[in-house]
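In structure tokens, one chain follows: the form predicted on its own.
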């Protein structure tokens, strides 16, 4: 059985990405950069309405337009099922065409005549949940779920020494990939080649085959470089099948890359989360009960699942009643740690409020309610480490008493994730007589450094420098690997690479063992030599060993094995913020991250995962918000001007401490670092301004509204936490922006 080296030469070191130079110099070819001979450009006509029935589609004028080679309806009006004639959100695909230039395609798309019967729509969760709301979806706008209950909630809350009660929520945000969704499709007879910006080359092949009704053997998918996905590029989308159909109809290669507006409307989002919570602690600060009525929207007919309470702290009695709310908007899909940022935000903010009620330090309350340590549950150790790094000892009680408008605050939160590998992953390794090595695996590098990790494990196994190893990935012609989602990639491809390379090394050892006079099982490779494990003098240089192969290279196939990876991560984050209480502007000064991930393959890449995840968490906390017009259902900020993302000046100092656990094997790290950032920032803002932040994003308007509500409560003589109210009357929530709609 394969194993990781006890004293690695490469693994765990900070190694620069092998594709860094080609990316930095512009030589890396992304899907957007590809040009094929005679290539056309695809264009999709999309619905301008939030809900409508398509009555007719007239392509005749578009087909006669200059440069147009093929046009087609996407809505099949010949289908006898009337539901297929409806569009359920702005941006849904209606028709498509291919033209000689992008400009000709855009001009021709405007000539397509579509007759719509505009239907009633619901653009916010409040609209959809009203009793008088139009029934937009066949089974209703709201889907009730089962009640999940453990223990007697009412009795536990009644017996609690302190109880908080309130409404908490998070907004809908989009993936906002720098490289938009899209692909280039080219047919050769019945064989389709698709160069796709995808997180799953094999998954894309499967989806295209299903959508086109052809065998997977007729399709090849290639993705050498891609510019971000964050979960939105795991599946096959309508534009993928449309592009292949346009290429088939036109008889030429077609490139179809979405523009920024299309990207915002139709390629997925992180759903919203609302929770009306009651929670309590006893006199010793132990959590007693957590009661939540929750809902959220994943768009048109899609749910909004998220864990609540977030499964870190020990809560003996709990109840949750959840419902999914459907609105006429683009549908949700996996976004970096699906559900976890929402669940962590709500739970961690509630914990800070309970700490204030009980007169406890929020860190102390957390420590009193953590489970016992386990390899994947190390929060008891990590919280004190992070506290020391952020300077928690200088934390003041809620509300910075310092004179002047600039207030400072500290907050913290925790995260967890699975990060397991896939046992279906396969690889192929070749050793050539001249000493060259090629490792092939059908994974893809979505920007996280997968190509570098595969090369490092291969070079480590053979005792070679990185430049002596060739890695081939991103192609369905290579052995199967799963999509890059759920943080499973490193736990899938690095064990498979190690297993496959060790099998290849064993085959080489069989060739040279008689000459060395040692058992093949006792032969290892290190420092450019192949030698007996206990006697390095009994060996030969790597290239001399490979010469013994004659003219036939060694070629072996391998598959993922247990024992080289594990499941489960734990981590904590602390935030240091300053808030101007006159303008409401929040600036994050520092984030401290303490995170484990099993065996670290490339320390530099692992740290980069944390930096990237935290940056996304800052955007979620402070800036991002999909805003829909409640009257039309249209998105009012589908661009990079008014859909706000953090820029370089918004990124604070980020202190990352990675806790190496080599005995566990590798565990995925892509998602954990983005989970707890927003919660830590929200708690830090509340600590700074003395007013509770219960929803995201923490915009200047929302900060000022929270301060105004706190002052109003003081004037009313109110004490403790505000009671839960309906949306629109929640602390710090301007009514015009509830649920991301105006």
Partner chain sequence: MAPKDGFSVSRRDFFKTAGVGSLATGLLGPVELGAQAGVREVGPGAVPIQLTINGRRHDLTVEPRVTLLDAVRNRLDLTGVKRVCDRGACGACTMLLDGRTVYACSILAIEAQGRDIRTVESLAAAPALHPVEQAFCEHDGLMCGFCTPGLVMATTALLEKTPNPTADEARRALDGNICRCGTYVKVLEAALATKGGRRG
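Owing to the predicted nature of the structure, the values given are computational and were not obtained by experimental measurement. Numbering follows the first chain given and starts at 1.
Beyond the structure shown, there is the form predicted together with the partner chain, which is absent from this document and is the topic of what follows.
Within this chain, residue 608 lines the site of the partner chain in the model of the complex, having a heavy atom no more than 4.5 Å away. Contact annotation: residue 335 falls within 4.5 Å of the partner chain in the model of the complex, judged by heavy atom distances.
When contacts are judged by a 4.5 Å heavy atom cut-off, residue 27 counts as touching the partner chain in the model of the complex.
When the partner chain is considered in the model of the complex, residue 648 lines it closely, a heavy atom lying within 4.5 Å. Stretch-level contact analysis of 171-179, 418-426, 152-160, 538-546 against the partner chain in the model of the complex, using heavy atoms and a 4.5 Å limit, identifies 171-179. Taking a 4.5 Å heavy atom cutoff to the partner chain in the model of the complex, the contact residue among 230, 274, 574, 290 is 230.
The partner is absent here, but in the model of the complex a heavy atom of 260, alone among 260, 381, 130, 394, sits within 4.5 Å of the partner chain.
Annotated contacts: 16, 21 and 616 all touch the partner chain in the model of the complex [non-hydrogen atom within 4.5 angstroms]. Contacts of stretch 34-54 with the partner chain in the model of the complex, defined by any heavy atom lying within 4.5 Å, are made by 35, 38, 39, 41, listed in sequence order.
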